[in-house]
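So this first bit is one chain, no partners, the form predicted alone, shown in structure tokens.
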């Protein structure tokens, strides 16, 4: 089966001007790799600044002009250039953003979902999309300020699926929702996957992601450090990278044990493994050269000693 989305050695940097005419390249994503398959929810997890939303912007082709992207990005096996992404965006590739701020506050919900199109067929399609997510036809006449947080997110999903997308990019769609509302929202993503779409679920909430994900991709300092089936997070031993193990131990059900230290960013990235300064099992060779992304049991990990180091 061909992945619906493939990123291999993807890097995104930004040009910043310093004093005079000097320019500095700031890394955002470095050597990021992942795959997302049709019919599956792929959760992308990591702390703030790890590159999660930047990945979404690269996939959607909405990076700013001062950015530079290198590496391979494929959609359905073919290169996903910014021009191709623009042609597919809103139809085959859709975004479910973080909140209702993406809705036009001066326009009713119905016209926003229909995107200016008119006619009985489009209106029927709009109402079916709303009904699919538990929203009545009266929702069409509401303005965004009249929606609750949960309703607004369901409106965003309804708008996204109007065209029957093949890839859904959900960028932090659950902040501010209680556990019950978040659970209902994620069940909609799982439903889309069950119907054949690939879902890229970007979140900082690992515990929530594990309720719906088929696979988990862990980012750290702009890199993929592990790609593993969701079942791997059932126990610490199912994980190969020490940062993934640290995330597992930080989950409330596993004792909420927080690893000391901070994630490096920008020009402060160390040589070798970005996680090495915080890794209890670091060795001299971890601070030298590029760390390969190698196959492990059931997944891949960017570690010289996968499975040999435990943060406990």
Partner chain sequence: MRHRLGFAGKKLIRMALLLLGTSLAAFLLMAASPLDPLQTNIGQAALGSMTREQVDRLEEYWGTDTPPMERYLGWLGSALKGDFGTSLLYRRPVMEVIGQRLGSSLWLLLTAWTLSGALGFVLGLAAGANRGRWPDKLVRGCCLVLSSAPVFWLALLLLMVFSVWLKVLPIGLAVPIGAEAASVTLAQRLRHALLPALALSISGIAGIALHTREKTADEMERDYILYARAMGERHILLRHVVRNVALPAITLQFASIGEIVGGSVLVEQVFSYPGLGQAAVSAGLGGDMPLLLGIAVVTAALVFGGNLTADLLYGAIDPRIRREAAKR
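Bear in mind the structure is a predicted one, so any value in this text is a computation, not a measurement. Residue numbers count along the first chain shown, from 1.
Note that the form predicted in complex with the partner chain isn't included here; everything after this is about it.
* Asked: Looking in the model of the complex, is the partner chain within 4.5 angstroms of a heavy atom from every one of 91, 95 and 143?
  -> Verified in the model of the complex; spot residues all in contact, yes.
* Asked: Does the partner chain get within 4.5 angstroms of any non-hydrogen atom of residue 132 in the model of the complex?
  -> No, residue 132 stays farther than 4.5 Å from the partner chain in the model of the complex.
* residue 105 within 4.5 Å of the partner chain in the model of the complex, heavy atoms -> Although the partner chain is absent here, residue 105 would touch it in the model of the complex, with heavy atoms inside 4.5 Å.
* Asked: Looking at the partner-bound form in the model of the complex, is residue 101 within 4.5 Å of the partner chain by any heavy atom?
  -> Because a heavy atom of residue 101 falls inside 4.5 Å of the partner chain in the model of the complex, the answer is yes.
* Asked: Would residue 209 sit within 4.5 Å of the partner chain in the model of the complex, counting heavy atoms only?
  -> No - in the model of the complex, heavy atoms of residue 209 and the partner chain never come within 4.5 Å of each other.
* Asked: In terms of non-hydrogen atoms within 4.5 angstroms, which of the given stretches 220 to 228, 114 to 122, 184 to 192, 199 to 207 touches the partner chain in the model of the complex?
  -> Flagged stretch: 114 to 122.
* Asked: Heavy atom within 4.5 Å of the partner chain in the model of the complex: which of 276, 36, 246, 60?
  -> Selected residue: 60.
* Asked: Just one of 160, 126, 73, 216 has a heavy atom within 4.5 angstroms of the partner chain in the model of the complex, so which one?
  -> Of the listed residues, the single hit is 160.
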